[in-house]
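First, one chain by itself: the form predicted alone, in structure tokens.
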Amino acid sequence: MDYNFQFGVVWDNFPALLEGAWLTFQLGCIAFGGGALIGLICAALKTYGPWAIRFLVDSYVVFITNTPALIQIYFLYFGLPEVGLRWSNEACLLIGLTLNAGAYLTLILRAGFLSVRITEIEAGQTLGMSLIQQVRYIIIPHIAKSIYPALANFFIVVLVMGTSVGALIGVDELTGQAINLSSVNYRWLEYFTVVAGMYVVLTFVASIGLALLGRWAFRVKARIF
């Protein structure tokens, strides 16, 4: 193979790649946080709500989980401006990832709700706990411990790396920065070799952080890999 690697051009623009990696991490955290809130509310409504509310939640989950995340983001970025609704590319990416995460986290969190034994709820009622207190002191600690590994894995696999679809609508996250920079000097192989390594480091650091958080907050001995 007659190819002359020139990683010098990558190191010259490495600060821009670091900015993209930081934006990737921020987008992942925000989307995951919003999705977790949506998932918690929808899981509670699907478990304890009336049939009409459960039907609406089911419709949302079925629609989101059966359409690609890229199509959802394209709908927000290219489709809605046709009817006068226009948001920035970063906003469309965040909204799309948050709604997508919310649907999948609804399924994960509902499994946690169903794992709570009825005797624990009855014990809380006997102690005079309100519904909010039962959720705070019984349900959330229980489901957090039982499904934390699944939540951590979802954050790593889907959101941290899922943010890369933002490059297709011009978001300058890590993949977007690599595309922009490599388009200048056409050193695609060098840029994406480095970017692949950066994604590995990013997910490794996030895995360590989530494992430590799980052990400290929920006493979950989560595996790093």
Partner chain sequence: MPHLAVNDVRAKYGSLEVLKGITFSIEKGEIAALVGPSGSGKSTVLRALMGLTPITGGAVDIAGETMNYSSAKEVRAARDRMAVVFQQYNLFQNMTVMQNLTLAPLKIKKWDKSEVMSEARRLLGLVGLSDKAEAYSDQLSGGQQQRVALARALALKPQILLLDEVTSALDPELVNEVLDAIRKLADEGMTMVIVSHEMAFVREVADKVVFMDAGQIIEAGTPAELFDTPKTDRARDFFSKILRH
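Residue numbers count along the first chain shown, from 1. Bear in mind the structure is a predicted one, so any value in this text is a computation, not a measurement.
The discussion below concerns the form predicted in complex with the partner chain, not included here.
Heavy atoms within 4.5 Å of the partner chain in the predicted bound form belong, among the stretches 70 to 78, 137 to 145, 104 to 112, 89 to 97, to residues of 137 to 145. Contact here is defined as any heavy atom lying within 4.5 Å of the partner chain in the predicted bound form, and by that definition each of Glu122, Gln125 and Met129 is a contact residue. For the chain shown alone, Gln133 is a contact residue for the partner chain in the predicted bound form, at least one non-hydrogen atom being within 4.5 angstroms.
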